[in-house]
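Next up: a single chain in C-alpha cells, the form predicted alone.
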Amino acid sequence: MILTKTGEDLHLLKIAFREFYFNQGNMVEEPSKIQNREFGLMGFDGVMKRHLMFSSLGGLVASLIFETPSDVFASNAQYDFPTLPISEKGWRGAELIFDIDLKDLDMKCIRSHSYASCLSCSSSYVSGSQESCPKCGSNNIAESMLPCDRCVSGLKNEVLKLHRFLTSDIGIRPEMIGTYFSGNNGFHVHVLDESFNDLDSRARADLAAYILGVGILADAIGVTKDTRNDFRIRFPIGGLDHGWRKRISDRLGISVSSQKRLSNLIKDLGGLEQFRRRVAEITRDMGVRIDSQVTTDVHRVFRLPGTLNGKSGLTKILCTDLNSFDPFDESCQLSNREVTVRVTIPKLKLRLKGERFNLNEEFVRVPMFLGVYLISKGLAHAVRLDPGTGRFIVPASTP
C-alpha cells in the first residue's frame, strides 16, 4: 500500500528531491551501455513510467531535475530497442543481481520498531499493538519500519555470507562484486563479471537455489538409501572439503575419516529420513536469504545507484567497506535546512546523519533530511504556519 501523503507532504518531498538532483546529480551512477538500458521513473503518485531510454547520464539527470520522480530504476538487461515492449526489445543479456531485504531475515527486534499508519485518518501507532486504528477504528493500514543497528548488523552478516558463496563456491573475484545499500531496508549485490550476463532464468534459478540451500540433499555427503540397512555411507570421491559438502560436514563435526561417527549420528537421530531432515535444517540455516525472484528475473528494473529511495529519502549507495559502512550516515544526503513536521508517533527516537533525535513533541522543527525520512515512512506530515494567526496549518490527506 502507498502511504497517504498530504499535498504539503508531496510539495516538501518534491522540493527536497529536486534540490538533491540539481545539487548532487554527480552522485547518480551511469550504467554501462546506458543507451541499451530500459529506465523507469516512479512518480510520487505511485505511477511508473517504463520503457524509457536515455543516451547519456547528463540527459538522465536533467530529466530527474525536471520530472522529480520518487524513485529511479534501470534494467539489469541490455536491449537493442529499450523503448519497445518486452517481446520486441531484443535482449542482449542481463547483469546478475542479488537482493537481501530485512523482511526476509526474521529479526526479533523488528516488532519493536515497526509502525502502522492508518490510511483513513493518517494517524500512526506501534505495529502489533492492535489490529485496527485506535483513533478511527479503520483496518485500512499500511506498515513501515525504522531499521535499528541490530537490523543493519543482521543484513551485513547476510551480505558477507553471500560474498563467501560467490567467491569460494562460484569463483567470482572479490573486485567483481559491487555491494550497494538499497536506500531503505536492504542491500543489492551486483556481479560485475559480464560472463554471467548470458545466464537465462533457469540457470539463475538453479544458482539462487544453491545459495539459498534449497534442494541440497544428504546424498551430497554420500549418505543414501539402502534397501537392507536403511542407509549407506559412501563419501564422495572429491571429499568433503568444498562447498555445501564442507558446510554440512563441518556442522555435523565429521570428516572422511569418521564414517563410524556419522553412522552412529544417523542412528541416534532415528534413521535416514530423520537425518535428511537434519541436513535440510542445516542448509536452510546456512543458506543466504536472498530474494530468488529478483535474481531469476532477466527483465527486471533495479533502483539506480546514486538515486533517492522514495520510501526513505536515503540514497542507494556503494559500500566500499561493508564492515564500517553506516547507512544512517553515509546514505543520508539531503539538505540540513529546517522544516516543520507533525510527528504522528509519540516519543520517537532515531539516529540519522550523525545526529541522535528524541522527538517528544507533536510539532517540531527538524532538518530536511529527517523530515523527509519521517514523511516517507508515514510517521510525520509536513505543516506550515498561517502568516495571519501564527498557527500550524495541517492539510488534509490527498485522495
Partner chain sequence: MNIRLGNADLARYPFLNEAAEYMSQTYFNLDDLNLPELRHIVERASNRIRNEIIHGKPDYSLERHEVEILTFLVGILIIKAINSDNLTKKHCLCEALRAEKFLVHDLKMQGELANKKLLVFKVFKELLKMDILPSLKYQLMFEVKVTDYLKRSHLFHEQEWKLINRLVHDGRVFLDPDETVRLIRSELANLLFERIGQMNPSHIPTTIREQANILRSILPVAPRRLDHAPSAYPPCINHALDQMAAGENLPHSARVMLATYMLAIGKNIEEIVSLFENAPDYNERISRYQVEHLAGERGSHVRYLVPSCAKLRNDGLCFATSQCEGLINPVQFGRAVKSYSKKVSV
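Positions refer to the first chain, counted from 1. Not measured: the values here are computed from a predicted model.
Beyond the structure shown, there is the form predicted together with its partner chain, which is absent from this document and is the topic of what follows.
- Residue contact with its partner chain in the predicted bound form: Phe325 places no heavy atom within 4.5 Å of it.
- Among heavy atoms of Asp226, none comes within 4.5 Å of its partner chain in the predicted bound form.
- In the predicted bound form, at least one heavy atom of Trp244 sits within 4.5 Å of a heavy atom of its partner chain.
- Among residues of the shown chain, Asp104 is not one whose heavy atoms approach its partner chain to within 4.5 Å in the predicted bound form.
- In summary, the region of this chain contacting its partner chain in the predicted bound form, judged by heavy atoms within 4.5 Å and restricted to 215 to 223, 179 to 187, 87 to 95, 261 to 269, corresponds to 215 to 223.
- Heavy atoms of no residue among Gly46, Ser114 and Asp149 are located within 4.5 Å of its partner chain in the predicted bound form.
- Though its partner chain is absent from this view, in the predicted bound form it lies within 4.5 Å of a heavy atom of just one residue from Ser127, Thr167, Asn157, Thr83, which is Thr167.
- A heavy atom within 4.5 Å of its partner chain in the predicted bound form is found for exactly one of Pro174, Gly137, Gly253, Gly238: Gly238.
- Of the residues in 178 to 196, those that come within 4.5 Å of its partner chain in the predicted bound form through at least one heavy atom are, in sequence order, Ser195, Phe196.
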